[in-house]
Each structure stands twice: as structure tokens, then as C-alpha cells.
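Only one chain is given next, in C-alpha cells, and it is the form predicted on its own.
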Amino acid sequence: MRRVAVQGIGVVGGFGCGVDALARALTEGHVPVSRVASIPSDGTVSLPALLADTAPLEKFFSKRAIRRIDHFSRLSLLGACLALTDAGLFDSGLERMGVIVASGYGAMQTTFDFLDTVIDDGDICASPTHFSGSVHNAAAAHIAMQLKATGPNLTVSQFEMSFASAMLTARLWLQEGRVDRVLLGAVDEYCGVLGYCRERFFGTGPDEIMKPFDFTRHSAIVGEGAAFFVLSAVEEDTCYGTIIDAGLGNLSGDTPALPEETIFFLGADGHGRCGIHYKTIVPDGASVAAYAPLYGSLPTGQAFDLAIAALSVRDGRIPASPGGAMVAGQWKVAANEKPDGRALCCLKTDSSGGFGYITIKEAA
């Protein structure tokens, strides 16, 4: 299959808004962590979190146009607008552009708000606004309506494998010629119920520094945000490189066949049960990097890794990994070195041995 060119990137998260904010966070190697209350709470229990601000969305739309859109869809819409602007396509006709949105959790806050109205007021008086926003494809629908993107529209939810699965579909659409471009994105949000569950499962945690390479302890800090990409099958000039491969699988079958001289961007986000599987896939002595401390722990974090990999191609430099040194010495942690033509593989594993990978390389 032909390579898929990355023409534009739009990101928003705890590090800020836009590729410049992400690049600054990579240079500084640190993002300030907020504290959020765990519910039910008396105010004494709080959790660290990396939260996103959607206020910049008002640069693209009037307050009236987006007043009924919830936080989850605002994150998606903002990421989409930033990606199209970065690609120089925001004011262009999008009739032949497909839209794919990947999410692990979906619109959690709106879903629980809707359930609260059902419990409090009964089925007949449940909020129709909350219901319409609670469905997983609401974000993709808002993108299509606000941007007038009339091509095929899809939402993918496969938890940690959501983004890799969505990438496979995007490449297929482009290969079949169904669309000229694909606006592909991933989004997940924080809500109080998630904070409560994390506290019950993992405690509040004494640290506010994630240790992505330490698979012996839990150090995940919850995050939220959106990462979007404008993809094209046309081999146009692109500073961000091209997607050369993507795949899904499970270690119960076989390990993926990945190019030699690969630098692995691990989706290690402080969950040891998921992280231990990287040792099965990544060979000893390989160069690795992990950037979850900059965007937090969320199911679709692989999309942020792809954005960082694309920036690495653009800048000709692999940023240093934040969050401390490698605990186990079987790998080499890449830091401030040139890709030198090597493929950058964004790899994500889950607790059951599932894996998804997306490989990017500088344009030929």
C-alpha cells in the first residue's frame, strides 16, 4: 500500500493547545499537574490530573454556535480545527474528507449526567440534551456539522487499541479512493466518576511524577485531551513524514514484524500490568522513548505519541523522555538524537497482551 502522508496536526491537552505548546512541553520536559477532587469527597481527597482547556475553540466558532456542545465534543472539535489550520485547509471545501474519531471512554461526563437525570427525574423527564451528547459518535457528528465535512463518518471505540484500529480504517479509505483526505483523531476526557474509580483501585498516589519505564509500580496520572491528524494518500511534500505501517494483534498469537533500526515510542503510562508486555515485543538493546508524563494516562494516548513522532521527524530530533531514567537496562532511552532515517514506531500494549502499532518515517 502507498504511504499515508501526515499533512497537519492538532493537539490539546494538559500541556496546552497546539503543536507549539506540545513542542515547548517536550523541550521543558515537564507539565504542571493539577489536583482534582475525588468523588464522593469531603474536600480532603484529591488526585493529580492533566486537564485540557477548550477556551481556544472560541477562536473558530461563535459562543452561540457551540453553546450546547459538551466538553468531550469541544475537545474533539478543537483538535480537528487545529489540525485543519495546521494543514492550511480550514477554509477549504471538505466534501471529500472522511472523519474518524477514536475514543476509549467516550463522553463519560455527559453520559453520567444523563443517567443522573434518569435516576432523579425518571425516564419521561430525562434530559434529551444530555442523551444526544452521551452517544459515542456525538463528537464526530459535531465535527461534520460544524465543518461541513460530508464524507464518510466513523467513531471507533476499542479502548487502548482504538487509535490503531482507527488508523487502519483511515488507510483503507484512502487506498480505496473513497476520500481524498481523512481527518483522524482521538479524544478522551476526565470525569469525576473516573477519578473516584482510580482512587478506589490505585489510591491517591504520593507522587506527581509518572515513571513510564518502571513497570513494577503504579504511577499513572489521569489525563485528557485530543490529538487529530489530516492524512492524505497523495505523496505530497510534508514536513511531518508518512505512515508506513499500522497493525493490531495479541501476544497469544505472535509478535509484530517491525522494521530493523526502529525507535520505539512506548505508550507506557504508569500502568504496570500493561507495561510488562513491552518487554516481549521490543528487542533488547532497542532505542525507546515514552512521553505519557506530558499528556497523562488515557486510553488513546497513542495518538499523542504519533504527534510527538511526527514532530520528531519535522525537527530531526528525538526529544528526551520525561519522568525519570530506565529501571531495567535492556533498552537504550533515546534522548536528543537524530532519527537518521530510522522508523519511529508508536507502540501500545494492554493488560491482556493486545498490541497496536503505528510506524512513521520521514518522507522519501
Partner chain sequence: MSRSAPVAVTGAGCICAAGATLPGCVESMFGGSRQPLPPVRFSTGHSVKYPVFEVPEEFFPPELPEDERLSRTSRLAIAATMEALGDAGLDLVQLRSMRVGVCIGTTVGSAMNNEEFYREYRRGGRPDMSPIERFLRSNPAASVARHFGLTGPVQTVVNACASGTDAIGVAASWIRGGLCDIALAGGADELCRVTYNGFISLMISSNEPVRPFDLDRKGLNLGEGAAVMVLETDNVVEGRKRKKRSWVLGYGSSCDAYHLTAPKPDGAGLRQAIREAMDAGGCKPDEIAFVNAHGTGTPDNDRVEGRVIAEILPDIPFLSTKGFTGHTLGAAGAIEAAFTVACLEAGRVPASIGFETTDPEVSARPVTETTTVNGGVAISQSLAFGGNNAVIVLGKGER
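Note that the structure is predicted; figures quoted are calculated from it, not measured. Residue numbers count along the first chain shown, from 1.
There is also a form predicted in complex with the partner chain; it is not shown, and the following applies to it.
Under a 4.5 angstroms non-hydrogen atom cutoff, the partner chain in the model of the complex has I119 among its neighbouring residues.
Proximity of V156 to the partner chain in the model of the complex: non-hydrogen atoms within 4.5 Å are present. Although the partner is absent here, D284 lies well away from the partner chain in the model of the complex, with no heavy atom inside 4.5 Å. Shown alone here, K148 lies within 4.5 Å of the partner chain in the model of the complex, counting heavy atoms only. Picking from 274-282, 260-268, 169-177, 287-295 the stretch near the partner chain in the model of the complex, with a 4.5 Å limit on heavy atoms, gives 169-177. This chain lacks the partner; the member of I244, I209, L248, L89 within 4.5 angstroms of the partner chain in the model of the complex by a non-hydrogen atom is L248.
Along 77-112, a non-hydrogen atom within 4.5 Å of the partner chain in the model of the complex is carried by Y105, M108, T111, F112, in order along the sequence.
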